[in-house]
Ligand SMILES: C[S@@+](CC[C@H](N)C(=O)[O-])C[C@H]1O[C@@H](n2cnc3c(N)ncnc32)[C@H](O)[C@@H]1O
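There is one chain below, alone, in structure tokens, taken in the form predicted alone.
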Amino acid sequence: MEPPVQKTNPGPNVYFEGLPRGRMAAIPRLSTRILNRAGPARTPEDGSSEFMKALFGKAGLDISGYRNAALARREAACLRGLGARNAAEGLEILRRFPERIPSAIDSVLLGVTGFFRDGPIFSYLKSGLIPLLRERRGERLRVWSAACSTGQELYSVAMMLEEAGLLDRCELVGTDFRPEALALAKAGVFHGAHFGKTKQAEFPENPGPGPVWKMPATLAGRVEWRCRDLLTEMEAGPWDVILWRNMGIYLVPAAAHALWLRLAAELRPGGFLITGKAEQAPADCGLHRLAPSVYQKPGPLSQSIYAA
């Protein structure tokens, strides 16, 4: 009988061509400062514009769940992107060129993401959550990135799981309602602009205008990408980790509250929900706050020593 093959963890530096070693060490330490505690923004009383109603309808999305104020702030930018001087021209362009609907929706809902976005949160994931997941020996670990955009945050978590030697035990799923964003996530090819502030601080200079970083097949092949509208479709749990970041701020309070409850219900007891900096869990969702943007569902595997 041949001796078992000894696996080695390549470390996160193998995931991007030209990436220096010690990438994980560059993640900032967790700040003890309490992040943005602002409550939900007020919404106007006049409702959504006819242009926005038409755009969301053509995209197959229910506009009633989204805050009017958030949509109104993006309407002018959306019309500029379409090359329209006013809403009437915008509607005509959407009628004549329906293939432009996805990019118009993108310009409104701003699927902003990035690798290791919000360093303190990923620092906590590395020092607090990953060790707890490692203790769940023999269990299959499930990670879902809800409203994942182009996938950089889920890839960031996958890198951390790989470094910890846990990736082979994981099921990773990313969902978003925008097929174009999911296609970019699945391709795993990223330009310098996809790194945002993280690239400026932690990644080398972009050597050219073309794609210069590509996820290796061994990692990209471990993630499944699914087209889902989170307001109408849940990915069946139980999940050990759910990433749901910076979507709630676009929703009316009732829709956001309903999503908090539904996502909490899909967590495994002892599982974790990772949110955006400005999002606060409602008291009745049954989640315990461990740190800014990090919540845990009570259960036999709950951890409280990291509580803020």
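Residue numbers run from 1 along the displayed sequence. Note that the coordinates shown come from a computational prediction; the quantities given were computed from them, not determined experimentally.
Note that the form predicted in complex with the ligand isn't included here; everything after this is about it.
Exercise. All three of 143, 265 and 295 touching the ligand in the model of the complex at 4.5 Å, heavy atom to heavy atom?
Worked result: No residue of the spot touches the ligand in the model of the complex.
For this session: Would you mind picking the one in 51, 260, 66, 239 that has a heavy atom within 4.5 Å of the ligand in the model of the complex?
Result: Selected residue: 66.
Exercise. If you check 70, 278, 252, 61 against the ligand in the model of the complex, which one has a heavy atom within 4.5 Å?
Worked result: For this set of options, the contacting one is 61.
For this session: Report whether the minimum heavy atom distance between residue 156 and the ligand in the model of the complex is within 4.5 Å.
Result: Answer no; every heavy atom of residue 156 is more than 4.5 Å from the ligand in the model of the complex.
Problem set entry | the ligand contact at residue 171 in the model of the complex, heavy atom, 4.5 Å | Close contact is absent here: in the model of the complex, residue 171 is far from the ligand, nothing within 4.5 Å, heavy atoms only.
For this session: Determine whether any heavy atom of residue 114 comes within 4.5 Å of a heavy atom of the ligand in the model of the complex, and answer yes or no.
Result: Residue-level check for residue 114: yes, a contact with the ligand.
Exercise. Might residue 219 be said to contact the ligand in the model of the complex, defining contact as any heavy atom within 4.5 Å?
Worked result: Heavy-atom contact with the ligand at 4.5 Å: absent for residue 219.
Problem set entry | Interface segment, criterion being heavy atoms within 4.5 Å of the ligand in the model of the complex, picked from 134-142, 91-99, 74-82, 148-156 | Result for this chain: 148-156.
Problem set entry | Residues from 255-272 in contact with the ligand (non-hydrogen atom within 4.5 Å) in the model of the complex | If the 4.5 Å heavy-atom criterion is applied to the ligand in the model of the complex, 255-272 yields nothing.
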